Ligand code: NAP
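Below you'll find only one chain, the form predicted on its own, shown as structure tokens.
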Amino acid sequence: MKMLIGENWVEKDDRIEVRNPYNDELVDTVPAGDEDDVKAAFQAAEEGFKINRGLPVHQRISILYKTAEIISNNQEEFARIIASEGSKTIREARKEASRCIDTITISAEEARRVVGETIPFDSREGSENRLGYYYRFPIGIIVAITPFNDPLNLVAHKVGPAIAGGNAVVLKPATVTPLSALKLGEAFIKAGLPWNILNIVTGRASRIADALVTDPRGRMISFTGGTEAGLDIVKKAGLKKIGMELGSNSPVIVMDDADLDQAVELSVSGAFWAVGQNCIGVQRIYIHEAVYGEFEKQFVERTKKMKVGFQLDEDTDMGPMITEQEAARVEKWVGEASQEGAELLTGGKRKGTLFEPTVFKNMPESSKLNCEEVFGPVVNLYKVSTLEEAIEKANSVDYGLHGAVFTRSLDNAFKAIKELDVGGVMVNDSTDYRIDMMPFGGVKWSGLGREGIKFALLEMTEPKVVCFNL
């Protein structure tokens, strides 16, 4: 495939191989962009911004709806690309493709709701003859940097609202999973998006990341990825808007009055969806001591039933991790935790990029698997005696994206809602529940700002005040 810069699909002699993480088979190749390509993309985006901010809103809406229709008509093809270049099973990939359709459709709907309001200037003495309002205008070029774990829908979450708001985009998809983003770019062009508005530069971060984040023509950086990379971007970006989703190690609380069957089923799914490579995946589960034994038994039994294997097989529950290097890192963390005294209940073994779904108990609080984001198929069970203890332990780490509580008590639910230091609380559901219209983001090291189409649109536009002195 080729990258999209200006009015051209650009080829390069230097290519990046995109390989299936399960068997290392070559899926496709993409150009290895460099700093000159980034500069060309910004130059094109300057023209694209002029074009898009001048488009009537109904044209943007039409383009977005048409793009969603194209994805819908080719949903299985999109799903197979997602599964082939990444870690998701084909069933998980189909859900991502479906969510992408929602994301682009919601972007079309929200485009008509970028509104302002009148301002009562005469509320200030001396301004009796003044009348006015504000409206929202696009900020310019959005730099979008996306991760490998949702290679289609997380691109849509940045590109959709950017286009809906009248901006232009310079996009860098993850190096290991660029095909989904390029396929989405094709859909936008087929839908009638004018050239130059969307630019997609494929390449290695070590070669082009600095050029992307430091160029002053970028007025906002929308980044999803690791905390270290996020901190580096903040140091280099300069004076521009920054929106970041930086991951978590999400806590779940299971109270003694919970529906255990529901809590087990949803927590297993939340822990091992996309091989645990999920920013809102379940990593820490705090279970009331009265039901701990039964929960542990059911959770381990359910985990052992998961089939790990080739992600394109229909009956596979969990596919490979994105690279063998990442799988080896998780293997190392698991080994360290065992040496530190954590008790392995199931899993823990690796074969190439395949890693067994892994469950621990008695995890030391100082262990990486307790404090940091594992981004792999590992979950820890903890016994607690009170809700207060569970909340305190849940809040004890540097992350705060999503939390969850399973309980039949409204008092318990609202206490958790109020006191969990996170960006979203799921009651009787997994932490990895999300729909694409909700505000999505966290506190502490989990990021800055919120995604979700309406909320991203607010970040990608600014209010302009108009005042008449009559």
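Computed from a prediction, not measured in an experiment: that's the story for all the values here. Sequential numbering from 1, following the sequence displayed.
The following text describes the form predicted in complex with the ligand, which does not appear among the structures shown.
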Spell out, yes or no, whether the shortest heavy atom distance between T89 and the ligand in the predicted bound form is within 4.5 Å. no
Spell out, yes or no, whether the shortest heavy atom distance between G247 and the ligand in the predicted bound form is within 4.5 Å. yes
How about F78: is it within 4.5 Å of the ligand in the predicted bound form, going by heavy atoms? no
Heavy atom of R136 within 4.5 Å of the ligand in the predicted bound form: no
Could you spot which one of G347, G243, P147, G140 gets a heavy atom to within 4.5 Å of the ligand in the predicted bound form? P147
From the list K304, K95, K297, R204, which entry has a heavy atom within 4.5 Å of the ligand in the predicted bound form? R204
Contact at I70, G166 and E186 by the ligand in the predicted bound form, all three, heavy atom at most 4.5 Å: no
Given a 4.5 Å cut-off on heavy atoms, tell me which of 108-116, 225-233, 187-195, 288-296 is the interface stretch with the ligand in the predicted bound form. 225-233
At 4.5 Å, heavy atom to heavy atom, what parts of 436-457 sit next to the ligand in the predicted bound form? List them in sequence order, or say none. F440
